[in-house]
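Shown below, as structure tokens, is a lone chain in the form predicted alone; questions about how it binds or moves come after it.
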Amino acid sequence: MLILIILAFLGIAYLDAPELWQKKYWRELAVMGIVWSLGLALSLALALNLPVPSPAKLLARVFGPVTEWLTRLIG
């Protein structure tokens, strides 16, 4: 399973990265690298049954105060 995940991500990089490199789209290449790395890390963690933190808790922590402020402002 791990080999298939790594091969899939390498295939994606092989298809997308050379064109970005040739056109010198450095920012797009950097963003693709970051997203690609995060996706690979999460995929490998899920395949290995490692605990993956839920982004919902982080979003609730970030947007909770904004929601309370808007509720007080409107209500």
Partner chain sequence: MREEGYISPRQAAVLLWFAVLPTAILFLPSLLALRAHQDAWLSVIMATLAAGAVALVVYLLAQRFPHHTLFQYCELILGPVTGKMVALIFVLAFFLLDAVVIREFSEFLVTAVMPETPALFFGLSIVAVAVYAVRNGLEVIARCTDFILPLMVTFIAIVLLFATPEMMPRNIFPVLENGFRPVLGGALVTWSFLGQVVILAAYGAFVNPPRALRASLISGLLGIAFFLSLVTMGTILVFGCCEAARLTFAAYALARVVSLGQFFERIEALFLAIWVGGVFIKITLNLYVVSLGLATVTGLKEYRPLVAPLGALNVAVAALLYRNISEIRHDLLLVEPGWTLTWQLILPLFLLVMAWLRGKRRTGI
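What you see is a predicted model; the values in this text were computed from it and never measured. Numbering follows the first chain given and starts at 1. What we label the rigid core is the largest C-alpha set whose atoms superpose within 1.5 Å from one form to the other.
The protein also exists as the form predicted together with its partner chain; that form is not presented, and the subsequent description refers to it.
> When the contact criterion is heavy atoms within 4.5 Å, does Trp21 count as touching its partner chain in the predicted complex?
Heavy-atom contact with its partner chain at 4.5 Å: absent for Trp21.
> If you check in the predicted complex, is Ile74 within 4.5 Å of its partner chain, heavy atoms only?
It does: once its partner chain is placed as it appears in the predicted complex, Ile74 has a heavy atom within 4.5 Å of it.
> So in the predicted complex, is its partner chain close enough to Leu10 to count as touching (4.5 Å, heavy atoms)?
It does not: once its partner chain is placed as it appears in the predicted complex, Leu10 has no heavy atom within 4.5 Å of it.
> If we define contact as a non-hydrogen atom of the residue within 4.5 angstroms of the partner, is Leu70 a contact of its partner chain in the predicted complex?
Contact with its partner chain, yes.
> Need the contact residues for 40-74: heavy atom within 4.5 Å of its partner chain in the predicted complex, sequence order, or none if there are none.
Contacting residues: Leu42, Ser43, Leu46, Val52, Pro53, Ser54, Pro55, Ala56, Lys57, Leu59, Ala60, Phe63, Gly64, Val66, Thr67, Leu70, Thr71, Arg72, Leu73, Ile74.
> So with the core overlaid, does the Cα of Pro18 end up 2 Å or more away between the shown form and the other one?
Moves: no, less than 2 Å.
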